[in-house]
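Let's start with one chain on its own, the form predicted on its own, as structure tokens.
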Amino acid sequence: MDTTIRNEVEKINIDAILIRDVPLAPLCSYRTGGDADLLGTPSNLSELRALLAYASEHGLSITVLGGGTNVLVSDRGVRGLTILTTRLHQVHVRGTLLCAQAGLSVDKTIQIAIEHSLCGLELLGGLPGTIGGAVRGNAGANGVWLSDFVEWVDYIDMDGTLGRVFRSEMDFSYKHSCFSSNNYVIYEVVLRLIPNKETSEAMRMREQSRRKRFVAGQFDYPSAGCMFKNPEGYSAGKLIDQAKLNTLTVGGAAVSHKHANFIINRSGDATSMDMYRLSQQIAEHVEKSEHIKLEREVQLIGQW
């Protein structure tokens, strides 16, 4: 596997893929947060490596942002270089292997799989975000986990070295993979899916899963979906219900009346700090009344 591309990096016009002082709120599902000092928008491996080389040369910290669906960006913004992966969206299919770049949306990945008579992902229909982010956090729904289908993942480390990790090495667990605790940038995900010529039934299952998310109110207001992980043996939403926190608000942030584990930007002008403080209050109330600690699923990004 190729591990160095110094000549390619030198040929990249870095100014063409770097933007300064970019508002991140429009790129995130909460619609809150400050600006990125620098936003890099790579569309291929060479550009991604060039951005990493630029950050290294200038001593910049690196933050990776995909679909912006499971993150809360600080109102104070993000220092250094933020890499937006959504232009990395190429995909190809080889037999039962579907190979998708990290920035491809989960829903588009499912659609392409069905179009190629491959199944397994339908019950993840409507899952927001990118396939790279979904692998990083081992996304799941309706009893199906992305880790069930991952064959291998190609990643880039901070030195620009291309590496590969196989499923058995990825330390998958509930809402966790090895990428949850390292600073590698996922470049491409390879899924091994199941041949299935019943594409109409697969499409029906996908749409049914999508509808369930709409009925649950996930898209009624700006939201990142579930704020907290489910403690072992418990539902975070039910614990919040039992603590009678359904009417709790902080500024423009509120607990959803349809799903207590959703914190929503009900007013449309909430701040990230509103969201953060409300999540803190919820966790404190639940620990006090139910004697169970809630762990935040949503990732905090930027200066807090």
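When you see a residue number, it is the position in the sequence shown, counting from 1. This structure is a prediction, so every number in the text was calculated from the model and none was measured.
Omitted here: the form predicted in complex with a small molecule. The next part is about that form.
Visitor: So which of N70, N261, N265, S272 reaches within 4.5 angstroms of the small molecule in the model of the complex, heavy atom to heavy atom?
Guide: The residue from N70, N261, N265, S272 that makes the contact is N70.
Visitor: Have a look at L162, V190, A141, L193 for me and say which one sits with a heavy atom within 4.5 Å of the small molecule in the model of the complex.
Guide: The option sitting close enough to the partner is A141.
Visitor: Quick one: does G120 come within 4.5 Å of the small molecule in the model of the complex, counting heavy atoms only?
Guide: Answer no; every heavy atom of G120 is more than 4.5 Å from the small molecule in the model of the complex.
Visitor: Given that the small molecule is not shown alongside this chain, does S279 nevertheless sit within 4.5 Å of it in the model of the complex, heavy atom to heavy atom?
Guide: No, S279 is distant from the partner.
Visitor: Though only this chain appears here, would F219 touch the small molecule in the model of the complex if you measure heavy atom gaps against 4.5 Å?
Guide: F219 belongs to the contact set for the small molecule.
Visitor: With the partner left out here, check for me: in the model of the complex, does some heavy atom of T109 sit within 4.5 Å of the small molecule?
Guide: No.
Visitor: In terms of non-hydrogen atoms within 4.5 angstroms, which of the given stretches 32-40, 248-256, 231-239, 59-67 touches the small molecule in the model of the complex?
Guide: Among the candidates, contact is made by 59-67.
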